[in-house]
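A single chain comes next, written as structure tokens; it is the form predicted on its own.
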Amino acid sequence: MHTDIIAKLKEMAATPGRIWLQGGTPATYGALLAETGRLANALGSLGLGTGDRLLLQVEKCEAVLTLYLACLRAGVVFLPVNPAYTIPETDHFLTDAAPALAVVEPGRVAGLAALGARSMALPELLERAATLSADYADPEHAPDQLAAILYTSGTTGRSKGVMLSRENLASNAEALVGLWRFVETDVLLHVLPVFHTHGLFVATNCILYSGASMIFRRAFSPSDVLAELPKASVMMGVPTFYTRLLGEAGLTREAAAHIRLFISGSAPLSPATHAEWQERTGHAILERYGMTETNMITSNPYDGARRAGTVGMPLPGVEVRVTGADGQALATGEAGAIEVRGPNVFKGYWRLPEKTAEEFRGDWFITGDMGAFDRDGYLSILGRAKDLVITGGLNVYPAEVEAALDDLPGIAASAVIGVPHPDFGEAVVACIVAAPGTEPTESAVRAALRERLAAFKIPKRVLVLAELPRNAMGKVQKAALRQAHSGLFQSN
């Protein structure tokens, strides 16, 4: 078994003066351990214990991280929720997870109370904790004990609660720290949300596990990032962060000289962005692949080629295979369903045993993504299985068409979908966003693609949109696009 996150926190706190948070008044690991002790005592004073759920729905702040760790110490199941959700939307999580306590912004307390939830404002909880002792007698926790429930984004239906164990979190942190060469002198520039796996677990746990520190910014701002880069050594981001930074004149090799590693995830990074970033900064972005149910699965190497358009190779201790419709592993180069197994894979969906059973083939989790390995063992993601377009009986993988689109001049972003067609069953449709100062036309785009793709892969329509619908982590919401354009080929 892997060293528990809290055991690592205590190990780091034993070194006097070791910094956890950089800033005006740097916070030490010792202070972090004390604060988590007070908060764990506060949770106990409110009647919360092992297995109880705590829902947290607040704007990004340092207290999210301390409360997460306090829950780990107390055995309380941590349930972070996007603060952008309305009170009616939050009702789903309250009903489904039945948290013993909801900790929210002060303005939400009355609204949640009206739904019958026991709720408390975050400042009130922090004030209660401040009056209590930092000494906390941590109960024993088994590695397979439930640590957190993270709800899926729900872009294709009601969100499902993903149950993550302490071992899920610890094993992934250990693998990533080794693979990405985290050391105690590293400083992470943290500009991600903290209600999601990427910012909450990948970023935070890598720092805890290595004894490093972070610069914690409450929101992403290109100008802020450029100001902080000289103080940091690692940055984690989503593709939209990198594309927005490329629009800044201040992004130069000199500005990025102090960074040893730029990491991208949560959504596909276009090869064009990868190439432009490397040209501007001298750094090759390291792209990795993960999901809520598995934490991180694969990563491009720290040493060696970081190949644009791929997500690298399986993490140490994690197995990945690509299978056909019969569930059998496919040969190198063949496209199929991506399945994964290892200590990173979740325990199942909260209160959905039938859905959990559907998503597993033995001990292999069926990710729902399509992909293929190349001869060097690099995995490429070809899109979600539900996004596969079958036109005239032929399979079209959206990622392949999107890569060709993104290589064309004048296209800032693209998304390829399938919509109903009277003759072909489904038709390939490209939704694009024009680069500033350009006006790509449908005919020109289709003509350019004919030189790159087989005829059946050419979009039957190219729609130029002002923007693509995205969720909070930058993923394009293709279900929304399909719904918006489902009648494109309906006969009059």
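All residue numbers are counted from 1 along the displayed sequence. Nothing here was measured: the structure is a model prediction, and the numbers come from that model.
The same protein has a further form, the form predicted together with a small molecule, not shown here; the description that follows concerns it.
A.B. asks: From the list 196, 108, 347, 307, which entry has a heavy atom within 4.5 Å of the small molecule in the model of the complex?
C.D. replies: So the residue touching the small molecule in the model of the complex, by this definition, is 196.
A.B. asks: Using a 4.5 Å heavy atom cut-off, which residue among 78, 289, 180, 373 comes into contact with the small molecule in the model of the complex?
C.D. replies: Of the listed residues, the single hit is 289.
A.B. asks: Considering only heavy atoms, tell me if residue 475 and the small molecule come within 4.5 Å of each other in the model of the complex.
C.D. replies: Yes - in the model of the complex, heavy atoms of residue 475 and the small molecule come within 4.5 Å of each other.
A.B. asks: Taking the small molecule as it sits in the model of the complex, is residue 339 near enough to touch it, meaning that at least one heavy atom pair lies within 4.5 angstroms?
C.D. replies: Heavy-atom contact with the small molecule at 4.5 Å: absent for residue 339.
A.B. asks: Residue 321 versus the small molecule, in the model of the complex: is there a non-hydrogen atom within 4.5 Å?
C.D. replies: Judged by the heavy-atom cut-off of 4.5 Å, residue 321 is well away from the small molecule in the model of the complex.
A.B. asks: Heavy atoms within 4.5 Å of the small molecule in the model of the complex: does residue 299 have any?
C.D. replies: Residue 299 lies outside the contact set for the small molecule.
A.B. asks: Where, among 265-273, 108-116, 221-229, 134-142, do residues come within 4.5 Å of the small molecule in the model of the complex by heavy atom distance?
C.D. replies: Heavy-atom contact with the partner occurs in 265-273.
A.B. asks: Counting heavy atoms only and using a 4.5 Å cut-off, do 293, 311 and 369 all touch the small molecule in the model of the complex?
C.D. replies: Heavy-atom distance to the small molecule in the model of the complex: all three under 4.5 Å.
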